[in-house]
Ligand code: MLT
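We begin with a single chain expressed as structure tokens, specifically the form predicted on its own.
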């Protein structure tokens, strides 16, 4: 596909729609929007547009469709798959001004928001009304709800409450041709035609620009207990996940951390933490609406831990300790960047196979000679594998490591999983999609892309080439 290079005439049109200060072309601005949190990748856009509403976006899309100008939507830029990188230059559509919580409907347990609302800001707003929005990615303090929907983001509480996908009822979307549509209805049950809402969730900005989101809410469970269990082997920690869930309790969070990740996180944040001979940890949270319902859950978890030779269990007796434990876990991914260039693989398997996946990763790391830091949402079978570059050569990093990553993903498929649980495919994972998809899968998905985006101007070169 041949795309138009933006010129002064195009910029004049965009300024007529947005005003001059919302069309950014200075090198400093372009550089800011050329990166996200994915490795060390960079792609400069030709311009950054900052709209305030769906109508402006509609006008922009009609123009870009007519002139075959690429459009890459961007939220907070916290993604880990290169999903918001403007590979074909064109314009980046920065959506941070669409940041209103339009309505919280307490009677129907739902809310309508714009895509630029920060996840944690929304969580706090609904919690103040006794309501609960569970999806909480590690970057919840900075990531946006629009980005969460685009990637079907998860987080620690998915084990009990599900991912972003489970909370999206309806979307307002601007299509590539500039038309504005509702993908569904603000109802809990909908059996009316194809489910365009769920098709849009996880589509990474390749099918349309999300401008409003209707989200389902729950009642907020006010009581929580948090414990940190240590194990002599990572395999035992992984195997304990199924034991806990088989005991008849579903924790509100069930997180795995290897020792290396905890060492990095505590060291970089100057957190006082006593280490022993343990190799891995499970961070386990239970919640309840009544305080007396916490103890029975904890007792069942203790019994499961004992069966897997737990070394020690630390209870977070106060809010400060709870915050410390969560700070250790949530900061690992970000702080690994300070150690080395790395690649993060977002693997997911049927959770009973988590020990086998971990062992397979250990075997491959020894075979190929790379170091890993592993952590993730063990309750979902979702393991984040950070592969550190350290002193590996550029030739190995570019040519040999992808072979090892492919073998990791082949293990995922073997154990009933796939190559991304919550980070999406974007740019960096698309070379591995053939591990889990057949040619007919690609044919169907490319047909969908063509129907929504006839000229392939929306976030091109992501998920697959067309």
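Quantities reported herein were computed from a predicted structural model and do not represent experimental measurements. Positions refer to the first chain, counted from 1.
Keep in mind that the form predicted in complex with ligand MLT is missing from the display, and what follows is about it.
In plain terms, the part of the chain that comes close to ligand MLT in the predicted complex, with a heavy atom within 4.5 Å, is 372-380 out of 351-359, 114-122, 372-380, 226-234. Put simply, residue 333 is close to ligand MLT in the predicted complex: some heavy atom of it is within 4.5 Å. Not displayed here, ligand MLT is kept clear of residue 311 by more than 4.5 Å at the level of heavy atoms in the predicted complex. Using a 4.5 angstroms limit between non-hydrogen atoms, residue 104 is distant from ligand MLT in the predicted complex. The closest non-hydrogen atom of residue 329 lies within 4.5 Å of ligand MLT in the predicted complex.
A single residue from the set 213, 244, 80, 254 has any heavy atom within 4.5 angstroms of ligand MLT in the predicted complex; that residue is 80. Though ligand MLT is absent from this view, in the predicted complex it lies within 4.5 Å of a heavy atom of just one residue from 204, 285, 278, 344, which is 344. Along 379-399, one residue reaches a heavy atom to within 4.5 Å of ligand MLT in the predicted complex: 384.
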